[in-house]
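Quick heads-up: it's one chain on its own, the form predicted alone, in structure tokens.
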Amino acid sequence: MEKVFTRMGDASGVWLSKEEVRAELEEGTNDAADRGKIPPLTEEELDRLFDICTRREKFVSVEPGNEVVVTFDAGTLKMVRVGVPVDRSQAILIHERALGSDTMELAHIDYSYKQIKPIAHDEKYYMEQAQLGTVIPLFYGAMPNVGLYTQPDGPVPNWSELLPMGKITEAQAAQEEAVEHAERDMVYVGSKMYEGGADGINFDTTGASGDADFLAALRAIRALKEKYPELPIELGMAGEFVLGMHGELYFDGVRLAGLYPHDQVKLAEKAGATIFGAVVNTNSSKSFPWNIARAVTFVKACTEAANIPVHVNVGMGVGAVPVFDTPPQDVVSRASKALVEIGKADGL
């Protein structure tokens, strides 16, 4: 029986028969369809995905004409993360002039808007200087990170402590207050970066603290677009499913808890986002075929529902990419090809 080399969600190698690969693909798409209440992949789409997963080449790519635009989160910090000690401005130039990146993102090591606010004037100056030496679109990015507003470092009670104590009302009130603080900080920093010449703003890892986190970002986007209608804004999610840490928060009459990508993108559009960064979590105990079938199913539903470009998060632990610091290119390239050609992603 012919075996196919693939990987698990933790990047470890595994050999599967072609029959096993097909079964994993079917289980993965059915899991996404069941959770998201969306259609599974068709037989034709599964056949195409099976071909991508079982190709003998170590690295695969999209067909000519299917190339997409790439955006980044924490872009200028990635060089240092992999052991290349360069300044942020140097990282931008490397991406532009050596790697041929479509866009780049200026980011601070304290990658949250609350932490950026006290140094926004310095970051504004850095943005201005970076723009003078580059050509590609340069975003400024950070996380909403509503959790940072909790005590002892923040002004509001910690709902993670209140909830186990059964203080539901108090926990909800704390989250609502945190939303107000986070929205103000994001609008403030976003405005300063716009004044510094930023080509766009990225709200990255949105929803990491649950539905309050998502609400704060949506409200900040709406406020920024009212001030600067021409400002491009990317909204990248933290996970495929909005956790209901509050449970009763709404945006434009839509309850936020429990939303999957195809519903999240509709609210991103209403808020005024220009690009939506869809996320599908990788299960480290499942195979790559299972994870990619699941990811493509969610992304296909998202792109069909969207009227704005969808840039799928394809990095460590999301988009079927293994949970590993330096993900193997054999599966990263397959994930990228599948999400673009089958999921119809507009970018990565």
Partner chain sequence: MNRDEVLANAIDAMVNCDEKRALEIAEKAIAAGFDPVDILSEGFSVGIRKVGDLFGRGELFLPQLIQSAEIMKKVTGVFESVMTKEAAEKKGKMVIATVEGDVHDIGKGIVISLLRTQGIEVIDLGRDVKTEKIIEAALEVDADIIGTSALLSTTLAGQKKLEDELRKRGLRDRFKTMVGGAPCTQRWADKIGADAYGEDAADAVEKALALLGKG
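These figures come from a predicted structure and were not determined experimentally. Positions refer to the first chain, counted from 1.
The form predicted in complex with its partner chain exists for this protein as well; it is not shown, and the discussion that follows is about that form.
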query: In the predicted complex, the residue from K117, K270, R255, R219 that sits within 4.5 Å of its partner chain by heavy atoms; finding: R255
query: Partner-contacting position among A173, V156, A208, A223 - heavy atom within 4.5 Å of its partner chain in the predicted complex; finding: A208
query: Residue contact check: D34 to its partner chain in the predicted complex, 4.5 Å heavy atom; finding: yes
query: In the predicted complex, H246 touching its partner chain (heavy atom, 4.5 Å); finding: yes
query: Heavy atom of S12 within 4.5 Å of its partner chain in the predicted complex; finding: yes
query: D325: touches its partner chain in the predicted complex, heavy atom cutoff 4.5 angstroms; finding: yes
query: Members of 275-294 lying within 4.5 angstroms of its partner chain, judged by heavy atom, in the predicted complex; finding: N283, S284, S285
